[in-house]
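Take a look at this one chain, the form predicted on its own, written out in structure tokens.
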Amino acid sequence: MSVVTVQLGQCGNQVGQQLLHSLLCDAQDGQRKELCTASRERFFHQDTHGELVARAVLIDMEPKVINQSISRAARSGMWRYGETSHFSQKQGSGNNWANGFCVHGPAHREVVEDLVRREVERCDRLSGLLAMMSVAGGTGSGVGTYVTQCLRDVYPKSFILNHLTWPYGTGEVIVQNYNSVLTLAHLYQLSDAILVHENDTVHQICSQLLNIKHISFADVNSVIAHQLGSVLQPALTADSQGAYSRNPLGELVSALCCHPEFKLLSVSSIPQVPLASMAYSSFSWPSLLKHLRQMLISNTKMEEGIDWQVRPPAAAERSRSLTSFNTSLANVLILRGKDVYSAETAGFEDPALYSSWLSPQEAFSVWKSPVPFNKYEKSATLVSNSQALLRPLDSMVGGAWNMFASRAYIHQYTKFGISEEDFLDSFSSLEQVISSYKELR
């Protein structure tokens, strides 16, 4: 089944291009024929000349980044974007969610829906739509939210997964908290699942694990693409009967998002080492999974700096909050590489890791592939619906509320049609999400 990627704004287009390139490079890297075929069919189609063309739509209110993404794909000589699968204007959204959502989005609705429809019609079977965007700026967040709303209207029964890049806590845009609150509150009503990468965390991975001295956005995007690719590249599930061509978005949503109040997903991958060190590195499944389990329960996104003192609560302690322990609602563990079927995953089936209202059999899924991913002989990725994003979400909502209380920059939003009541509704919606996750026991 195929996935149509919708790349929105500067960040969405840059990460989307890197993701598609990583997936194709991995699938062609001496892999098994079945995986290569399934991966290509999932993310690409062949034109009349046999060239691979991405199942993707590129949207931005400025042409520069779209042109760069199209050029990079074409220069690879491996794949390209469709000649008419992109849309841009000459003026951006000015880092204003309201400008993107209320002005640019509605003005270009028909052309965007037509671009997506053409890609969907090329799919024999549609798995769903992957919308990629940042929450900090105006186009990715505002236009991205509006486009997601349109997709939900046009494809009411299709799975929609939104991939969000969370801005640096130190601030990329002065109104990023406003944009983030409005984006998340709206997407919670529209999307089936919201998968988040935090720039601060990815920056740490680049610095501490990959030893990159001068970190660029390309480095950050590469890490995000690696982690996301390890989730989306075809794998074998418990009921897939040895076939790779399954429904990736549907399976991810059904395994992780069993309740509409809990849609926030985080990703952790292990190992992550510099390319130059890979030939000299050796990993075992027991060690990888021991570290990944502790990363989960201590809410650590890297194998470096894990707090080994955090332990799952005993049954008598479940009624009280343990601030250091990260309670999970559901987890999907994806294992790839050598001897994958010998990997013991019982540690992730421990009932103490999960909310009491789901059994471990319902809360935990494992996908496997004997094919290595991205040159790692063995690798493990965990997609988690847990309390992992509580702290950044709480901080973002708190920062936005402090600005709103003093009415800072509100006029920049109201002049495009967003009222103070819209802000209050968004705050109320996210406070409910925060409360629900805090109460996971």
Partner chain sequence: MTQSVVVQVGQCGNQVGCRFWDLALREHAHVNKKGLYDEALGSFFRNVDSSKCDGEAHSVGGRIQHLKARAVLVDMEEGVVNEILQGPLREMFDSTQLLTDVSGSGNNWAVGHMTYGSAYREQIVDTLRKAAEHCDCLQCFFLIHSMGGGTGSGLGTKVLSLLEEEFPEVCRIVTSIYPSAEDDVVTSPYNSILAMRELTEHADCVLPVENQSLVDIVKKIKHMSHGGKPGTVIRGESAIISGQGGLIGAEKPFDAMNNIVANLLLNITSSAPSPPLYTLADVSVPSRRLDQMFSDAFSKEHQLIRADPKHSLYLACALMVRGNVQVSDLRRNIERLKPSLPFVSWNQEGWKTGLCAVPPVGHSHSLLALANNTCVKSTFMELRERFTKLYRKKAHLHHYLHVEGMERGHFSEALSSLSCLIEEYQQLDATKGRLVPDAPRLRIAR
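Keep in mind it's a predicted model, so treat the numbers as computed, not measured. Positions refer to the first chain, counted from 1.
Same protein, other form: the form predicted together with its partner chain, not shown, and the subject of what follows.
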_The chain here is shown without its partner chain. Which stretch in 331-339, 119-127, 173-181, 70-78 comes within 4.5 angstroms of it in the model of the complex, by heavy atom distance?_
173-181
*Since exactly one of Glu51, Glu34, Glu377, Asp394 fits, which has a heavy atom within 4.5 Å of its partner chain in the model of the complex?*
Asp394
*Decide whether Met403 counts as a contact residue for its partner chain in the model of the complex under a heavy atom distance cut-off of 4.5 Å.*
yes
*Is there a heavy atom of Gly82 no more than 4.5 Å from a heavy atom of its partner chain in the model of the complex?*
no
_I'd like to know whether Glu431 contacts its partner chain in the model of the complex, with contact meaning heavy atoms within 4.5 angstroms._
yes
_Contact test in the model of the complex: Gln272 vs its partner chain, heavy atoms, 4.5 Å_ = no
*What residues, if any, in 86-112 have a non-hydrogen atom within 4.5 angstroms of its partner chain in the model of the complex?*
Lys90, Gln91, Gly94, Asn95
